[in-house]
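What follows is a single chain, given as structure tokens, in the form predicted on its own.
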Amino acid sequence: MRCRYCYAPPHGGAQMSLETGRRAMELACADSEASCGVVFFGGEPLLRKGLIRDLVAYGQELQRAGRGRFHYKLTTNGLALDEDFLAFAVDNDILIALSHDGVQEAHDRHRRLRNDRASWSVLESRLRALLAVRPYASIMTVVNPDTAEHLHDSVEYLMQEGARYLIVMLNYDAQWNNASFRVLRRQLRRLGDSYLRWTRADRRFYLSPFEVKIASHVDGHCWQEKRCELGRRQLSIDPSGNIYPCVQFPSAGAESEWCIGDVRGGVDEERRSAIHALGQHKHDSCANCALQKRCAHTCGCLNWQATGRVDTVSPVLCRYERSMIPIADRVAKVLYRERNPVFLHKQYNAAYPILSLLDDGQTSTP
């Protein structure tokens, strides 16, 4: 059994207690054979470094007692990421994902400090410090309509800084229109050209929009199994210990239909199953689409974030997928016809991530 528990952002200043965190971990390892992924996210989790240290120590106690196996990930804006915590993360094999939107013009547009000060220059040293010890740390970039014009340069900047594992995501809540999508498509095409160039130069990297869509073709026979299953593969826990089916839902609150239990009483399996079934709804609007088997339209969490319903596909998502898939296919077709060894190794060798880490002397998987 494999399960992942996420610790959700505080609402109204609430903070998770050590007792609540421990109860969550005990719930996760109720099956002694469980592989339990614990994700700290926010808000900003590094405001509670002491709690993170205590929960990692408790996970080690549980493991020594034969109660599950724990691994950890943390998503941070990086502002409180210091050498001491980086050392702790390395020693305890905590994977760190850093939110960073790339070049200064893009990053500072939406990621501001108090008094509306810019944050890009503050993060330069922290980005480099993280990548020095974890070159495969996830760098998470959010694209907005007013930053889409910087997408290519942002990815190139992050790779020049040493990033190798980049997750690029759209802000699906934003007001995208025809003009901003035209800009986005141009940037994605530029990114595709650079993907070709970087691959031909034997560079090892992971760039999510391309890798995911290429894999949806290469692994088409089993791609459905890798999709989001609302309420199955990941649960989120808010500071009070209430449990939700995915990362967006804690904002709905404990009185909502999306709360499926708490760490004291456990998961309401009947409610969990009902939400999962709702997330598996076949969308009529996708019935005749040739791309539906490769599309993220089944992500109930994303749909709910964008439309307020898990069974209604975001129009922005639909438009993005129809733009991204042909661009990724063009890149893949060129590299496949060239029999590019780096491309073939990455896309057709399941051991590629491990072999890349071994080549780099790394010990943790991305």
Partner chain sequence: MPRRSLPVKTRAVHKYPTPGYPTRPQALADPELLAENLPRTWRGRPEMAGAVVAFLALNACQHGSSKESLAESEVRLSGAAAPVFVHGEGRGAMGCVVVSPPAFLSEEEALQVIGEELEGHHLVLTQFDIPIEGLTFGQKEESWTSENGEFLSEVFDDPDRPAVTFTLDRATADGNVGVEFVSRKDYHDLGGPRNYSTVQGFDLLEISGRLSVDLGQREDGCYYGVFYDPMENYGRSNWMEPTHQMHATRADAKERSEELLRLQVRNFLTWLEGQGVL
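Everything numeric in this text was worked out from a predicted model, so none of it was measured. Numbering follows the first chain given and starts at 1.
Just so it is clear, the following notes concern the form predicted in complex with its partner chain, a form of the same protein that is not shown.
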Just to confirm the contact call: exactly one of 237 to 245, 270 to 278, 111 to 119, 173 to 181 touches its partner chain in the predicted bound form at a 4.5 Å heavy atom cutoff, so which is it?
173 to 181
Answer key: of 28, 316, 299, 52, within 4.5 Å of its partner chain in the predicted bound form (heavy atoms) is 316
May I ask you to state whether residue 336 is within 4.5 Å of its partner chain in the predicted bound form, using heavy atom distances?
yes
Are any of the heavy atoms in residue 322 no more than 4.5 Å from a heavy atom of its partner chain in the predicted bound form?
yes
Any of the heavy atoms of residue 66 lying within 4.5 Å of its partner chain in the predicted bound form?
no
Non-hydrogen atom contact residue 306 with its partner chain in the predicted bound form at 4.5 angstroms
yes
In the predicted bound form, do 78, 131 and 166 all put a heavy atom within 4.5 Å of its partner chain?
no
